[in-house]
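Below you'll find only one chain, the form predicted alone, shown as structure tokens.
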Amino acid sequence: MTFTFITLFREIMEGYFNDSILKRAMEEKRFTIDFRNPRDYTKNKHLKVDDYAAGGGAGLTLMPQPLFDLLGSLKKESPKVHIIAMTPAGKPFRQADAVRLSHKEHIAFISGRYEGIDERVIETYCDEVFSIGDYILTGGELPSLVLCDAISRNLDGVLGNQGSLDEESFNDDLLEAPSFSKPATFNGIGTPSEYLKGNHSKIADLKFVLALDKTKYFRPDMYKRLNKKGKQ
């Protein structure tokens, strides 16, 4: 798997891959990353990549020419590349998307800046458009990293224990059950006794009940979907 980040600010993204699980995964060749800067493709003599939006309004918009040339070149190099734009106007990114996209060979993320990306770029080159929430950030770099993290951890060998994927939140519209570590009692607060008895069947049953309670409390929207599926 290859992840390409299309961004004006490579330096604020690279550090995310310098430690922990993702660094080890890259050293083991589970995936690779590279960066492309639209400024390297602009034909403007002042190296501009943005301009005022047509129709007026505040702020600047990333111009089509640098991104058209960049993405055209990328498509020639990697015909199977799956191009994703990050924008608050996109569809919400879900865990199911992370799992599905982990089967792609090559994903490129366009990180918008200023007031966004010229729509012609999205219509011509983008396979999908995603949002990570109903709020506005100063750029698409953080959302791009979020998607990369969520997707890459579903690749074989990235996590030390692949079985940990099975019980994660959002599988089957259910939040993950509460987790506890040692000691069994801390500050007078105990761990559910069933967790400590070693009966895995009973532990699984209790975790399911606790997961249902947690979903009902924190995500009533997901709990309603569970009711419709008859899984409550």
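Quick note: we count residues from 1 along the sequence shown, nothing fancier. Predicted, not measured: the structure shown is a model, and the values here were computed from it.
What comes next is about the form predicted together with S-adenosylmethionine (SAM), which does not appear here.
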property	result
Candidate stretches 85-93, 98-106, 150-158, 68-76, one within 4.5 Å of S-adenosylmethionine (SAM) in the model of the complex by heavy atom	85-93
4.5 Å heavy atom contact with S-adenosylmethionine (SAM) in the model of the complex for all of Lys48, Tyr52 and Gly59	no
Distance check, Glu119 to S-adenosylmethionine (SAM) in the model of the complex, heavy atom within 4.5 Å	no
Residue contact check: Glu115 to S-adenosylmethionine (SAM) in the model of the complex, 4.5 Å heavy atom	yes
Close approach of Val81 to S-adenosylmethionine (SAM) in the model of the complex, 4.5 Å, heavy atom	no
Residue contact check: Ile132 to S-adenosylmethionine (SAM) in the model of the complex, 4.5 Å heavy atom	yes
Heavy atom contacts to S-adenosylmethionine (SAM) in the model of the complex at 4.5 Å, residues of 125-158 in sequence order	Phe130, Ser131, Ile132, Gly133, Tyr135, Ile136, Leu137, Thr138, Gly139, Gly140, Pro143
